[in-house]
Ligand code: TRH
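Coming up is one lone chain in structure tokens, specifically the form predicted alone.
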């Protein structure tokens, strides 16, 4: 890791604590990389556990972002060592020594709390609000990712569409020794938390009429075939290669935040396992997204029956209800144009990094 002593010109420090294995690091790395490559910022990513970066971005050490280990005892720093824009990801709390140095700067930095993604209505009311520090001449702004113009948007790189257009699905399958795509076989990716009802899903797919090829990146398990289900493990895929997996499949099971957003950009039907929270708070977030998602396609690209199948299956996948693959599988032909329409709908709005840059520049004038 770099010693991260000094930088020049416009600088940004992003602080990240790894809680959800890959999700926190994944979001922060995408943001850091986009700010550096597309907006010319000099970015340091302070991360308490750099191990996920070796998997998510194996070439991170040679890229435009400086990755720094966030030590438990953060040393005292001078005002010049702090950045113009400081992002604490997901309320991770900046080191007190760093905050004290921020307060000594001639030009007060823009301090952002990059919060978790949510489709709930209150996000638009809270996005961009300032919270003054109780003792120091500093203010922290709440910056919420989201799905509408009242939020900060979603992470999406400028080269996403060119990469998608240049992608060769046949070459991807050949690289991982996968059978060629056929019209009769459903190709599914599965990335889930340990609590997902995968055994019930496997039994349902094995008994289904349509053959399914299920791909499990990073699972470390053996391949097996049962009935009409063939399960194939894949190595852990870096972020860029994971996008390609999503493009390859007809249906994607995703989890948390980072893979959830990438599945939406892929424009394929997907099933989201939300990160579980105390007192079932995550259920409200799940339903808030389903409500927004349904408004795009209900009565247009997808029937009420298909939308009900989507609702029921998502709830069952998150521990509320019984897996009904027959109902959900029959709805996939209608859910495919719904997913495509949703992706196109989201792509009309500015991405999160662009919104963040504009927000900060307005306050650095």
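What you see is a predicted model, and the numbers here were worked out from it, not measured in a lab. Positions refer to the first chain, counted from 1.
This next part talks about the form predicted together with the named molecule, which is not shown.
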Review point. Want to guess which of 130-138, 147-155, 231-239, 284-292 is within 4.5 Å of the named molecule in the predicted bound form, heavy atoms only?
Key: 231-239
Check your understanding: Does any heavy atom of residue 351 come within 4.5 Å of a heavy atom of the named molecule in the predicted bound form?
Key -> no
Check your understanding: Is residue 116 close to the named molecule in the predicted bound form, meaning a heavy atom pair under 4.5 Å apart or at it?
Key -> yes
Point to revise | Partner contact for residue 44 in the predicted bound form: the named molecule, 4.5 angstroms, heavy atom | key: no
**Study point:** Any non-hydrogen atom of residue 15 within 4.5 angstroms of the named molecule in the predicted bound form
**Key:** no
**Study point:** Heavy atom within 4.5 Å of the named molecule in the predicted bound form - residue from 306, 56, 316, 67
**Key:** 56
Exercise for review: Using heavy atoms only and a 4.5 Å cut-off, determine which of 256, 269, 95, 109 is in contact with the named molecule in the predicted bound form.
Suggested key: 256
Point to revise | Contact check for 250, 311 and 325 against the named molecule in the predicted bound form, heavy atom at 4.5 Å | key: no
Check your understanding: Using a 4.5 Å cut-off on heavy atoms, which residues of 25-57 contact the named molecule in the predicted bound form?
Key -> 26, 30, 56
